[in-house]
Ligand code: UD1
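Next up: just one chain, as structure tokens, the form predicted on its own.
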Amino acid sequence: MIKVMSVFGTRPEAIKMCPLVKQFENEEEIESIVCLTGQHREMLQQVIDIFGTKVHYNLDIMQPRQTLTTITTSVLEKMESVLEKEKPDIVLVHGDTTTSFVAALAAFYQKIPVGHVEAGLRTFDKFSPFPEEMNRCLTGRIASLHFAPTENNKTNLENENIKEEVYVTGNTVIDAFSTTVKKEYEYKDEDLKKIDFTGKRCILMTAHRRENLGEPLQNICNAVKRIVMEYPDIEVVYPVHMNPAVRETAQKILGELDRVHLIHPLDVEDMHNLMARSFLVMTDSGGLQEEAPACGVPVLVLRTETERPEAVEAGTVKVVGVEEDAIFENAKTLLTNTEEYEKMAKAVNPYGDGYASERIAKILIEWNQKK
């Protein structure tokens, strides 16, 4: 058997790693160990509960007003004893979080191979997104196995002279939809239950990235305010990040509007099912750029760049920047031009077919046999 330790600590990681862990549990040749860092707490636990994921270790590092430095030092120190005790054959980390980079570093210090799930994403700007771009680049230098969602991601790695053990698998987030999205689903969130969507078009919005704090977020919120004032059939649902800087701006600009619903962050089931029923997604998130197209929902990216250019090329998302007029005009096009809307809604999602977890499990088993 191969002993695989999956390490993650944030809600976005959990959404993409839990389907993989679920697949491992069905494989006779894999012993699966799950270690949470606790970089997020309540938001992370929601996902664990929904997927029924068995957790073996929780480092519980989350602190009030934690910084990148405190996260880094806590994960590095606490991972050491876990790795010494379990001695896994490989440590799997996901994507671009501080948890991912530091868990990979901790494994490297003990000469344990690292597998990087969602490898090869790049913006080629080390400060945008910050610190995610550098986290994934550094993780890529440490990893022995690279599970790239797309051919473009694989090419990025090859251009960095990472040529061995790179596999194109699709993105595991698409696998998650088989667990989360349900036809007759009823929302759990009380605020969501109260919204009357009858005869309305819903825009799902998220905006919270560090580089958007301040004027960019104000521009985003002002654009959304104009959209709601212009189109009486629009309901905007904005699950607002817990960061006070985000909440204050959202409340100040959008708090008094009847058809803008500033609600608490949603669990993954509510989020995925709301997304599947939305007309449009506006976001600065990375994950929603992959998830919404799986539901046939166009995405406007509230950033100046994306590490997911294949979605832009496929036509499922459009990068519209952080200027108020540009955001408003691009949303207006999709709200009024059926042909343009259908072009995006019916474009093929480039992130896979829902079998990424199965592919990764098979690769790990074969890799172990070759050792």
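Residue indices: 1-based, along the sequence shown. Being a predicted model, the structure only gives us computed values, none of them experimental.
From this point on, the text means the form predicted together with the ligand, which you will not see here.
- Contact with the ligand in the predicted bound form, judged as any non-hydrogen atom within 4.5 angstroms, is confined among 189-197, 90-98, 224-232, 148-156 to 90-98.
- Although the partner is absent from this view, Q23 stays clear of the ligand in the predicted bound form, with no non-hydrogen atom inside 4.5 angstroms.
- Contact check for H208: a heavy atom falls within 4.5 Å of the ligand in the predicted bound form.
- The ligand in the predicted bound form comes within 4.5 Å of a heavy atom belonging to P131.
- Though the partner is left out of this view, E305 does not reach within 4.5 Å of the ligand in the predicted bound form, counting heavy atoms only.
- Note on contacts: among M43, V319, I33, I48, the single residue with a heavy atom within 4.5 Å of the ligand in the predicted bound form is M43.
- Put simply, of V55, L68, V312, A326 only one has a heavy atom within 4.5 Å of the ligand in the predicted bound form, and it is L68.
- Of all the residues from 233-248, those having a non-hydrogen atom no more than 4.5 Å from the ligand in the predicted bound form are H241, M242, N243, P244.
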